[in-house]
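Next comes just one chain, in structure tokens: the form predicted on its own.
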Amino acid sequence: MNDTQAYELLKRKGQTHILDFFDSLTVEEQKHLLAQVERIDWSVIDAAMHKDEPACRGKIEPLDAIEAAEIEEKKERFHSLGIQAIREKKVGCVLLAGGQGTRLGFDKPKGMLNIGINRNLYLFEMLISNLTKNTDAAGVTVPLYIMTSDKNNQDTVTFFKEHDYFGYPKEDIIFFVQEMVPCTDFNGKILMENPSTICMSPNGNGGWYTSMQNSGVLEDVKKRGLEWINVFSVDNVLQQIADPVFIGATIDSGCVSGAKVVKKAAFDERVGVLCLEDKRPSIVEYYEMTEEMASSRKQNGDLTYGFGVTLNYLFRVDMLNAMLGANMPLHIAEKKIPYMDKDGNYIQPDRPNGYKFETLVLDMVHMSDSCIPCEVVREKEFAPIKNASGVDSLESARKLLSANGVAL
């Protein structure tokens, strides 16, 4: 794309301000800006103009999970099926690690956080340890694809190299960078970071599979002949990864996807709940539920909508491939976005001034034909680090790690 083509495109879109400083840029800066313009997904920008349209949800109904007691009863069968799938090299994993530890007061990739007390124990290290426990049991390793972002990719790759990949075979750790999308002001105008750079933000955790495709990493998935991918977030230090029991339970169910869930601690706990929406698996966020729905109970006294998701899913690869190219719902959030004003001044806003756009992995569940929720014991597999203090913090995670015999 040359500057004339870019101008004509931006004129049609009402975004010619992007080129306001074009003539003052170096040749390299001009190339960089034109490349950004060429990659803009205009369907995302159009969404800013329709953000106030009400979201239409279908008919919501409960979805029963395989509860922990039943999993324990069938554990031997599930474990055997899962181990077989791992040994046959049908399973891969994706770690969603594009975020920074900013909310924790840590200005580095969140996975680099030291969760130890008397020794160094990094979040990435703990997750690799959790994975290795299961691959050791199978006697083979599985490929681990790590999704980073533009902001933290170099730090993350360097950190793994410096720590010798925490003992995991480096040929089985593949990094890829998450796709980025432009940010806009409240009128849908694309914000500029500086004269040669559009303000960009990651496209959300739902963009992991398209990011794998666009980065060329899906070729590795195809070459290895993977049939299942276990995708999980960087937050939860206790989660089991490539868990044979979870894999086996999902395979045994005949479903094309599975989700690890925990029994809600209270009816108003702030977690998304796995349910059915128009007879398809779906996730309803806590703020979308009426108080009547949230507090509704079954005859045995359990919550009707009682299982919260932990962002640890298993997807069949053929299902994921069928989703490629499909339009996923866009989630639009008002954020404080540093930007360059029309006079070229850099502005650090003190209140939300624009929109960031994300796709979410929970929508991939709704795009699935079927999903089996598998309950895990909260105290053994759910210790997310999301907040600086209090609930779901480093302090609470350390207590749970100690209770599970992890030396800190």
Ligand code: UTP
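Note that the rigid core is defined as the largest set of C-alphas that superpose within 1.5 Å between two forms. Don't overthink the numbering: it's just position in the shown sequence, from 1. Everything quoted here is computed from the prediction, not taken from an experiment.
Just so it is clear, the following notes concern the form predicted together with uridine 5'-triphosphate (UTP), a form of the same protein that is not shown.
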- Message: Against uridine 5'-triphosphate (UTP) in the predicted complex, would P143 count as a contact residue? Criterion: heavy atoms within 4.5 Å.
- Response: no
**Message:** At 4.5 Å between heavy atoms, is A97 in contact with uridine 5'-triphosphate (UTP) in the predicted complex?
**Reply:** yes
| message | Is D235 near uridine 5'-triphosphate (UTP)? Define near as a heavy atom within 4.5 Å, in the predicted complex. | response | yes
For this session: Give a yes/no on whether G204 approaches uridine 5'-triphosphate (UTP) to within 4.5 Å in the predicted complex, heavy atoms considered.
Result: yes
Of 269-277, 115-123, 298-306, 89-97, the segment with heavy atoms within 4.5 Å of uridine 5'-triphosphate (UTP) in the predicted complex is residues 89-97
Answer key: of A242, M147, V262, C183, within 4.5 Å of uridine 5'-triphosphate (UTP) in the predicted complex (heavy atoms) is M147
Assert contact residue (uridine 5'-triphosphate (UTP), in the predicted complex, non-hydrogen atom within 4.5 Å, options S282, S257, Q178, T156) equals Q178
Near uridine 5'-triphosphate (UTP) in the predicted complex, with a heavy atom at 4.5 Å or closer, the residues from 330-367 are K335, E358
Aligning on the rigid core, do we see the C-alpha of R270 shift 2 angstroms or more between the shown form and the other one?
no
Core-superposed comparison between the shown form and the other one, K161 Cα displacement 2 Å or beyond
no
Quiz item: Does the C-alpha of K298 move 2 Å or more between the shown form and the other one once the rigid core is lined up?
Solution: no
Under comparison with the form shown, the C-alpha atoms of N118 and G101 in the predicted complex shift by 3 angstroms or more, placing them farther
A change of 3 Å or more separates this form from the other: in the predicted complex, the C-alpha atoms of Q100 and T359 are closer
